[in-house]
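Next up: a single chain in structure tokens, the form predicted on its own.
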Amino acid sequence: MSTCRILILFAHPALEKSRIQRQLIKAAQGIEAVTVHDLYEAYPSFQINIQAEQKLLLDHDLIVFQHPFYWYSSPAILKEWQDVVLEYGFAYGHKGTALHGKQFLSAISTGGGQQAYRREGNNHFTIREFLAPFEQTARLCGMEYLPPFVVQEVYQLSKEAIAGHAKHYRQTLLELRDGTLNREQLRQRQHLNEEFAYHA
């Protein structure tokens, strides 16, 4: 079985203030066949190198958008990245087949807990419903959309719980890289990590 090459497009405009994303990205670093690409670090002026980014996409099999869930979406640079990198003729449209067959994953964190992301909750919609634009973007580009990796209620998490989620994220990346996750069971999940619960 061939190794799945993973590209993590990481976007956090205030990483020094992060509780969970800083630990998740640390956990992802140093894994063979996993490339961590910090967009705010690479492009502080938002002048994105389109050709370089497209080459990164071509060189990897699984694309991860990792970011805090800002205003039910992504930080600004990731939206800019989508606008300029996923060009017509490259990612979609006539002859735009460069990303066909690749996989896509959202790895996000939210301040609200699971109870807030349901019809009866404060946000009125589920995480999967809020992520629909990302899912449709993946589908338009011919990519397979995987259930998202979601860490919720981050302001209430203990240091031990954060460490547990980071460890689980690293293990998930290893399993995705090695192709050891059951694909049929995976498709049935709302969240990639929904079966994981940290117990202190």
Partner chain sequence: MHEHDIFFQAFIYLLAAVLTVPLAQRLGLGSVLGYLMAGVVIGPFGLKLVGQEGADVMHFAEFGVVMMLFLVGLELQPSLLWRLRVPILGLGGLQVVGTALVSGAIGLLFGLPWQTALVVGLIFAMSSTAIVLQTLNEKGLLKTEAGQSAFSVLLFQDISVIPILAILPLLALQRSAVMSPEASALQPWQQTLLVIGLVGGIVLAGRFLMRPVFRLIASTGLREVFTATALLLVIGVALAVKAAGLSPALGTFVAGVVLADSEYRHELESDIEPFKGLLLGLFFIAVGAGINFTILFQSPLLIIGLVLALALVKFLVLLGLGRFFKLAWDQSLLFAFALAQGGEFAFVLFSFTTQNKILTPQIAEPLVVVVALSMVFTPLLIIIYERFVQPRFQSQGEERESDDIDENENPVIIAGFGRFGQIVGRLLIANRWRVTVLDISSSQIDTLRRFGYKVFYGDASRLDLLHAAGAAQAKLFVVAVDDREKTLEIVDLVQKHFPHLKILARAIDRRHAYELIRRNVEVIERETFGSALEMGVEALKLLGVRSFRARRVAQLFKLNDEHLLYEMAHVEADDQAIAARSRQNREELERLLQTDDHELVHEIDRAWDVSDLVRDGTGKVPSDNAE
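Owing to the predicted nature of the structure, the values given are computational and were not obtained by experimental measurement. Positions refer to the first chain, counted from 1.
Here the subject shifts to the form predicted in complex with the partner chain, a form of this protein not shown in this document.
S.K.: Quick check for you: of 47-55, 64-72, 162-170, 29-37, which stretch puts a non-hydrogen atom within 4.5 Å of the partner chain in the model of the complex?
M.R.: Looking at the other structure, the answer is 47-55.
S.K.: Is Y92 close enough to touch the partner chain in the model of the complex, meaning at least one heavy atom pair within 4.5 Å?
M.R.: Yes, Y92 sits close enough to the partner chain in the model of the complex that at least one of its heavy atoms falls within 4.5 Å.
S.K.: Is L140 close enough to the partner chain in the model of the complex to count, meaning some heavy atom within 4.5 Å?
M.R.: Yes, L140 sits close enough to the partner chain in the model of the complex that at least one of its heavy atoms falls within 4.5 Å.
S.K.: Can you work out whether E87 and the partner chain are in contact in the model of the complex, taking contact to mean some heavy atom pair no more than 4.5 Å apart?
M.R.: Taking the distances in the model of the complex, the answer for E87 is yes, it comes within 4.5 Å of the partner chain.
S.K.: Consider D83 of the chain shown here, and say whether it contacts the partner chain in the model of the complex, taking contact as heavy atoms within 4.5 Å.
M.R.: Answer yes; at least one heavy atom of D83 falls within 4.5 Å of the partner chain in the model of the complex.
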